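Next up is one chain by itself, shown in structure tokens, the form predicted alone.
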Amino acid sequence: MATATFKIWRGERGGGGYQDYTTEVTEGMVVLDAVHQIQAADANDLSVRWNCKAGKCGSCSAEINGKPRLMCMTRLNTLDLNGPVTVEPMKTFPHVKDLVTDVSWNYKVKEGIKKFKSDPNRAWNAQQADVDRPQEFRKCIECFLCQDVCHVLREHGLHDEFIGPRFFVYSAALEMNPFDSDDRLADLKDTQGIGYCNITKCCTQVCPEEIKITDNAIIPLKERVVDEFYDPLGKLFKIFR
């Protein structure tokens, strides 16, 4: 039976270091299986967050060989097991213990975004294409891997000025909803930092649900902000209207 070595981050509140563990691996295993084997056999106090083990809860987000991924969806046969596999916590959020981080900031951000608001005077009918457009964004499982990889948060730490790709997706789902009547464009421009995003598409690349975050959410929102606040012809039209 084959074995593999895993370098797992151990420590609390930002401190600690890698610790090596060797465990047996079999066909079909994912990284989370290996972590659970190590936890059961060699590290009973290893802290790791998980829930569904089916790629739908977003709980087991971590960085595997330096890339933000879901542990339950990363098969060992996609990794090079000739060398150690590194498993560490997400770097964008405060470290709690071992592989666990505090992602509560994300929920505070969500509370600050205007919720769905319907117009009581508007009929509930729309083109099917307009109804279909935001459906992609509902696939988000809030794993926060896109938040973790985003350089504005990860490298520059602008958590007070930038809501991150996850919540641009959330805002886009509302802004593109044909039955929503609220306006979030001023917030996106002034307090939520959409101008900081330089559309590198790193968030799209790590999304386990394959949501086209940059192309279908962020860029359209940027265009709406530009049309609303920076288009000189648009301003003239509003004046004369």
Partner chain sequence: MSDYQTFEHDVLVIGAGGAGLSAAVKASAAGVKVAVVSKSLLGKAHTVMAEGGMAAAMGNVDDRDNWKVHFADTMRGGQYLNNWRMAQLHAQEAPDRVRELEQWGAIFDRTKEGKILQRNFGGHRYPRLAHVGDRTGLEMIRTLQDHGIHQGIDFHMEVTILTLLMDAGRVVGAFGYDRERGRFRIFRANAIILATGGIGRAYKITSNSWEYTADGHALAYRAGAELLDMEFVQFHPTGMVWPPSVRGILVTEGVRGEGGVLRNKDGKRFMFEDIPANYKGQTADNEEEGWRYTQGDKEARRPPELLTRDHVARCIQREVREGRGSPHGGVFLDIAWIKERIPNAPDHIKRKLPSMYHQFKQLGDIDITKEAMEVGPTTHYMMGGVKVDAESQMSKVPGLFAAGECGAGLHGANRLGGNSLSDLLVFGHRAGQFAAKWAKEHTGGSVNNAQVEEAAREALAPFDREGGESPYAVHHDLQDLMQNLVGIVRVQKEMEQAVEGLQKLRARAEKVHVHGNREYNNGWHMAMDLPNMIEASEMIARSAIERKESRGAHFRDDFPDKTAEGASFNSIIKRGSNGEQVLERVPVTEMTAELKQIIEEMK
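Residue numbers count along the first chain shown, from 1. In this text, all values refer to a predicted model and were calculated from it rather than measured experimentally.
Keep in mind that the form predicted together with its partner chain is missing from the display, and what follows is about it.
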Consider K91 of the chain shown here, and say whether it contacts its partner chain in the predicted complex, taking contact as heavy atoms within 4.5 Å. no
How about G28: is it within 4.5 Å of its partner chain in the predicted complex, going by heavy atoms? yes
Please determine whether G193 contacts its partner chain in the predicted complex, using a 4.5 Å cut-off between heavy atoms. no
How about C140 - does it come within 4.5 Å of its partner chain in the predicted complex, if we only consider non-hydrogen atoms? yes
I have K53, A126 and P134 flagged as a candidate spot, so tell me whether each of them has a non-hydrogen atom within 4.5 Å of its partner chain in the predicted complex. yes
Since exactly one of S47, Q205, N65, T200 fits, which has a heavy atom within 4.5 Å of its partner chain in the predicted complex? S47
If we check its partner chain in the predicted complex, which of the residues in 51 to 89 reach within 4.5 angstroms of it by a non-hydrogen atom? N51, C52, K53, A54, K56, C57, G58, S59, C72, M73, R75, N77
